Every structure is written in structure tokens, then in C-alpha cells.
Ligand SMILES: NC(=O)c1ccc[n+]([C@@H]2O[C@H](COP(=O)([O-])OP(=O)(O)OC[C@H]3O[C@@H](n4cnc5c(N)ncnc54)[C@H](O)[C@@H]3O)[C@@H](O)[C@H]2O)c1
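Next up: just one chain, as C-alpha cells, the form predicted on its own.
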Amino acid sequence: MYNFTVKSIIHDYSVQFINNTPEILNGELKEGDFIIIDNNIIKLYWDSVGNILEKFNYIGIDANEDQKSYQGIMPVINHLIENGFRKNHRLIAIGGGITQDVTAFISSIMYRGVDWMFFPTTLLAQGDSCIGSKTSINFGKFKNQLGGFYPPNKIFIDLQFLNTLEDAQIKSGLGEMCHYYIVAGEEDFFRYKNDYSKAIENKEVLAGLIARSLEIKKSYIEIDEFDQKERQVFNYGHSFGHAIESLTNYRVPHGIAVSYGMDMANFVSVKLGYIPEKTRFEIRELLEKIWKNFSIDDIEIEKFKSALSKDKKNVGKELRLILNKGYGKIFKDAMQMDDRFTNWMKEYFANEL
């Protein structure tokens, strides 16, 4: 269908679209392998994966931000070592982005690196994070401060997992995928905007959007896997988005926070004369559908500035924001957090929400 291979400096890896997860698991698992699985997936899909879990080693985790930390992964590593996991064994992640990060990070440090596979079960993971090699865990209240690059060996995308997602999780995935389409250019963005509503109801349309999202991302990571130059445009919306996530204690899901973040980046881009208001509102018209029912008007400006100042992309006291000069013209810009910037943020929170 949409199967492809991602070229990586670490090791190439395959992406396959499937509709038979239990059968694939049965064929892939070998003695000594360990499954790391979101406990919610165990509850929801026990009828289909329960017999596999009973046959093979598995560790169920609560997929929350506390799990994605040194304190959270220590019991997992301890269980692996105590139960005979070795260098030649593999980890199989079944879950969303947090399960992915936990498994990828552990895989990268266990015995200096073990093979792992990924069955992403959320739209955000299927349409974005499953490729790209990044591993991240949180440090204290600061998101994704520790990590590296360590891709899975195989990725299996089964859209049937999306049937049990809540509306907010679907919107979060669509919000995250949206930034790839703006980066790609006008034709891609308007295709996405036109297909957005249909994709929520129609799995074939959604599969096409997921595949194109990954195709856009693949084209960048194959030339800048370690996020040194070209790939940095994919931080579009993320500096603002990560601040929103942390200040709402993750009440606002990642992709929805990023949707707000893209609008903030576009708002700043208008102020700087990079894009006309018309472009911003063409994009905002879609973003408003994504963030509907998730208000952020209770965020305090000074706390927002403080969270922005801790963004890992900053250089010294200077913000490094990804801004917009038009469809397909997303770029990195340096910004002082001065009175001018503060006043723009005050205006945004007062008049744009």
C-alpha cells in the first residue's frame, strides 16, 4: 500500500501499513524478546493481543509524562535485566508516543543499543513520531530535555488502533501532521485542509494523509537526520506549543498545543512583515477546528515567557523561533525576548483567543 524504507545513518528501517497486528506479532516475535505495551492497549485490545502477551514476555506501562523520565524507566530496565533480557534480544513497543519514547530511549542505552520495533497506536505516532530516530525523556517538569537518535528497525502502522481513540487524540494527531503540510507548500496544505473533515470519518482518506505526512518528513530526515539544519523547520509551532503543554500540565494535548503554536508563529510572522494576514487566516481557519474546546486563555504572560526561555533550541538568551514567509517557506529566525516581543504576546493572549 504505502510501504517504504527510511534511510538512516544508524540503520535503515522499514515502514509497513498493515491491518493484522496479531498475525504480524506472531510472525516477528522470538524467544527472549520483550514487548513494552501501554496498559490502556492491553485493556482495549486484550481479545486480539492477549494470547500473544500470554506467550511472550511483556511489560505494561502507564503511558503518562511521569513514566517518560529516569524515575519512570528505572523499574522497566530493572525488570528486563532481572528477567534475562540480553543484547541479542529485541524490544517491541505497542502504544503511542510515550511508549515509543520509553522503548526507544531504553533500546538506545541497554547494552549500548539493542534492536526494537514499533507498533504505533495513536494518530500522532502514526503520522509523525514513528519515523525520525529521536528519543526523548523528560527531566523534572521540563519536556524532552534528555535523549538522542535511535530509530526502530521496523514500524508497523495499523489504522484499526485509531478506532478507540478519543476525539482529542485524533485532533492532536491531525494538529501535529498539519505542520508538515505547511512546510511542504501551498498545494499540500490545501489538500490537507480540504481532506481534513473527510479524514476524520474515512480511514482511506486518513491513510493517505498519514502516508503523505511521513513522506514529507522522510524527505527532510534523510538529509538532516540529526536535526542540525534543514530538519529544524519541523519545530514550527513547537516552541510555543511546548510552553503551552507544560503550563497547562499537559491538559492541552501535544498536537493541539502545536496548533496554537503555529498560529502564534504566524502572528509573529505577520508582525514582522513576513506573511500577509490573509495567509495567517487561511491557516488559522483550519487550526481553529483542531483546537476547538481547548482554551489557553488562563495562561499568564510572564510564566509563558519563562517557559519559552527554557526551550532547548534557544541560544543564550535569544529565542530561536521557526517562522513563516509563506507556504513552503518556513525558516528559523532569531528573536530577542524584549518589550516588543512581550507586547505581541500580550496582544495575542488578549485579542486572539
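From a predicted model like this one, the values you see are computed outputs, not experimental measurements. Start at 1 and count along the sequence shown; that's the residue number.
Beyond the structure shown, there is the form predicted together with the ligand, which is absent from this document and is the topic of what follows.
Residue in contact with the ligand in the model of the complex (any heavy atom within 4.5 Å), chosen from Q232, T164, S219, T248: T164. For the options L174, A257, A125, A93, the residue carrying a heavy atom within 4.5 angstroms of the ligand in the model of the complex is A125. For the chain shown alone, K134 is a contact residue for the ligand in the model of the complex, at least one non-hydrogen atom being within 4.5 angstroms. Taking non-hydrogen atoms only, G97 approaches the ligand to within 4.5 angstroms in the model of the complex. At a distance threshold of 4.5 angstroms between non-hydrogen atoms, I59 is out of contact with the ligand in the model of the complex. Within this chain, S129 lines the site of the ligand in the model of the complex, having a heavy atom no more than 4.5 Å away.
With the partner omitted here, the stretch from 294-302, 24-32, 281-289, 42-50 that lies within 4.5 Å of the ligand by heavy atoms in the model of the complex is 42-50. Counting a residue when any of its non-hydrogen atoms is within 4.5 Å of the ligand in the model of the complex, the hits in 55-71 run A63, E65, K68.
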